[in-house]
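Quick setup: one chain, the form predicted alone, written in structure tokens, and binding and motion questions come after.
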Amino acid sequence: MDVLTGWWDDYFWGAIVVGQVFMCSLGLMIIFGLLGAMAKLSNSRVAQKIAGAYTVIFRGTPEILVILLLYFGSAITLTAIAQIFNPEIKFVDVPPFWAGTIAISIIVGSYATETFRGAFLGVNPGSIEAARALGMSNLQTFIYVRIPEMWRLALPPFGNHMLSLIKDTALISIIGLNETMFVAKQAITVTGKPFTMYIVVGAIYLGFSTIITLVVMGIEKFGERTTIGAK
């Protein structure tokens, strides 16, 4: 373990960055997934086609390629826009944190779109009719009936999406984000011990995955107790 001396702090802060990326991308992923699902279930053909293209493109493109295209593409676009107002600007750098966060949330959001769509279709029509009979508006029915029932149906596969999301954070090191994989690469150049350094990274991600799995299991059990109590 002497080889890890001096690197524990770096791994700790790298793990903090992984947690931050995960929490931010989780919120964005839910938004992308819900928007995509609602677009696919809408009566608008344009919205359906846009959502269909979204899921096909981002489910069929390598994740690391999406991260690179978004990172460099957004930098080129922002630089071109900035030069319109100030020609002296040479380059606008995009923070790797936000480029990577948005990229992986879009990718996993394309999978969540199908999960949410299927869950919405599985909502009991009788619950919707009962809500309308009580005089609820479409918005109230969506918030108080559709979303809660959809969420219980979507939770098991959604847990898998969360696991995919935490593992995808490792890919962001390729654009320079100082997270655990990036720390491991730096440590390897100094120590020449790739196996040891990558084992530490694996242990960190296993810890994150275990926590996520336990949280999802706890939420599922709470949902089951709530459903039984309601009956």
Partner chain sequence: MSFDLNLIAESLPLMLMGIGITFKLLIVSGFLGLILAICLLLMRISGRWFLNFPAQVYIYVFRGTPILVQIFIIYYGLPQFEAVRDSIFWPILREPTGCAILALTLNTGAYVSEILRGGVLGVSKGVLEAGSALGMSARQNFIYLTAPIATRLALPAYSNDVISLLKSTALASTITIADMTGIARTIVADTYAPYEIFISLAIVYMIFTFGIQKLFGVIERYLGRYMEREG
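Computed from a prediction, not measured in an experiment: that's the story for all the values here. Residue numbers count along the first chain shown, from 1.
Another form exists, predicted together with the partner chain; not displayed. Remarks below refer to it.
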(message) Give me the residue from L41, I30, I50, L68 that has a heavy atom within 4.5 Å of the partner chain in the model of the complex.
(response) L68
(request) Note which of V183, A170, A37, M162 lies within 4.5 Å of the partner chain in the model of the complex, where distance is taken over heavy atoms; exactly one does. (result) A170
(message) At 4.5 Å by heavy atoms, is each residue in Y11, F116 and R152 next to the partner chain in the model of the complex?
(response) no
(message) Considering non-hydrogen atoms and a 4.5 Å limit, does the partner chain approach T196 in the model of the complex?
(response) yes
(request) Answer for L206 alone: is it within 4.5 Å of the partner chain in the model of the complex, judged on heavy atom distances? (result) yes
(message) Can you tell me if F158 lies within 4.5 angstroms of the partner chain in the model of the complex, counting non-hydrogen atoms only?
(response) no
(message) Is A80 part of the interface with the partner chain in the model of the complex - any heavy atom within 4.5 Å?
(response) yes
(request) Within 4.5 Å of the partner chain in the model of the complex, which residues of 99 to 136 have a heavy atom? Give them in sequence order, or say none. (result) Y111
